[in-house]
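In structure tokens, the next block holds one chain alone, the form predicted alone.
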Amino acid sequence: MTALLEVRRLGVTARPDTAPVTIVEDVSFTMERGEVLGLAGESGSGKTMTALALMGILPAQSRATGEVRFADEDVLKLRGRALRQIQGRRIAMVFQDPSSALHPMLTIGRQMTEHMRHHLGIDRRDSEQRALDLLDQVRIPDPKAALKAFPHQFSGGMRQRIQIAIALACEPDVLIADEPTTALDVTIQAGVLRLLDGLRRDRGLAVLLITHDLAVLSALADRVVVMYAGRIVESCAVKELATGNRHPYTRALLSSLPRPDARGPALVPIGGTPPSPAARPPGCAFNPRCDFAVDACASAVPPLVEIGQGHHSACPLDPFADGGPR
């Protein structure tokens, strides 16, 4: 089966012509229709920059390399009108902060209908009706009044739902959701996750769900890709995440989750901090924070290798093989 989206050896470099700094390095994954792929890792691991590269909207003074294959084309090579036919139309994105993603001076109706009229070629009446249907689908009370309102008149959870409605307006094939539940209370988080799950089931939508919260991913994702310092360190089916994880960083992320029923400490923080892109240590970037690191870990970047069916890890020590220490 041909993948809907295929990312091959993606790299992102800041200031490539003056003082190059590698942000993302050698990232590869695929997405199928109707699948939720989780992209996890601490802040600064390269998750958002990966997503922006897929959309072709990297910041100025940044450059992407590798391939992003979608609809028989490499998105990274598209320019002008050809790229705009993909952005928002075939691949859409829900940004992390709805307060800054929604224009404060434009009504919700204008922000929802403008790109529909451009991409779908429909008139004002049809675009407004479609906007009403979408707002109702994402459970915004009184959609007619909402179209005339401004972003500041809604709560954070409602703004996030409106963002999702805008992203879905042109019926994309792939939806990138960057931290869609950040700063929302747990009840609203659950509602947003149920909404995304229903959309992928009803529409066959492929969802790239970006988050630092592995608990969120375990509730929704089919597969999980864990990133650290711009590289993939482990990828597996979500059912293997809790009991079959093999990379020390993945295990550390899981151990840092609150566990009121744990026999030992309910919360085990990861010591140290992630390195900045300009100051990554040699070898495995996680080795300064890893309890299992040896001298060899600082000499070479470990490759991502298959350790099981559909399960890849980038740790040559593999300390958790066959269960390993916990």
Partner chain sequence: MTMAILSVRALKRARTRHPIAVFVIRRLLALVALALGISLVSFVLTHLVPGNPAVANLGQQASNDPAAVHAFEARYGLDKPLPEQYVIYVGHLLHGDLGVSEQTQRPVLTDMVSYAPPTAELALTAMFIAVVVGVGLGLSAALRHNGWLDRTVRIFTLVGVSIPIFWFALLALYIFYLRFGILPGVGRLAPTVQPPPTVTGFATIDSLLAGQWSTFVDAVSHLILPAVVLAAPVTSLITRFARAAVLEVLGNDYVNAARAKGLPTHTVLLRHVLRAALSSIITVAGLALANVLTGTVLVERIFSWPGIGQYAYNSAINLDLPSIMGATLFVAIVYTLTNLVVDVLYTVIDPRVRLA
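Residue numbers count along the first chain shown, from 1. Here the structure is a predicted model, which is why all the values come from computation and not from measurement.
The next section is about a form of this same protein that is not shown, the form predicted in complex with its partner chain.
- Here the marked residues G88, F95 and H152 all reach its partner chain in the model of the complex, each with a heavy atom within 4.5 angstroms.
- For its partner chain in the model of the complex, the listed stretch (270 to 278, 54 to 62, 285 to 293, 24 to 32) containing residues with heavy atoms inside 4.5 Å is 54 to 62.
- Comment: its partner chain is not present in this chain, but in the model of the complex one of R139, K239, H103, K144 has a heavy atom within 4.5 Å of it, namely H103.
- Residue-level contacts in the model of the complex: of R223, H115, R130, R251, one residue has a heavy atom within 4.5 Å of its partner chain, and it is H115.
- In the model of the complex, its partner chain stays beyond 4.5 Å of every heavy atom belonging to R203.
- When its partner chain is considered in the model of the complex, I166 lines it closely, a heavy atom lying within 4.5 Å.
- Among residues of the shown chain, Q111 is one whose heavy atoms approach its partner chain to within 4.5 Å in the model of the complex.
- Using a 4.5 Å cutoff between non-hydrogen atoms, R231 does not count as a contact of its partner chain in the model of the complex.
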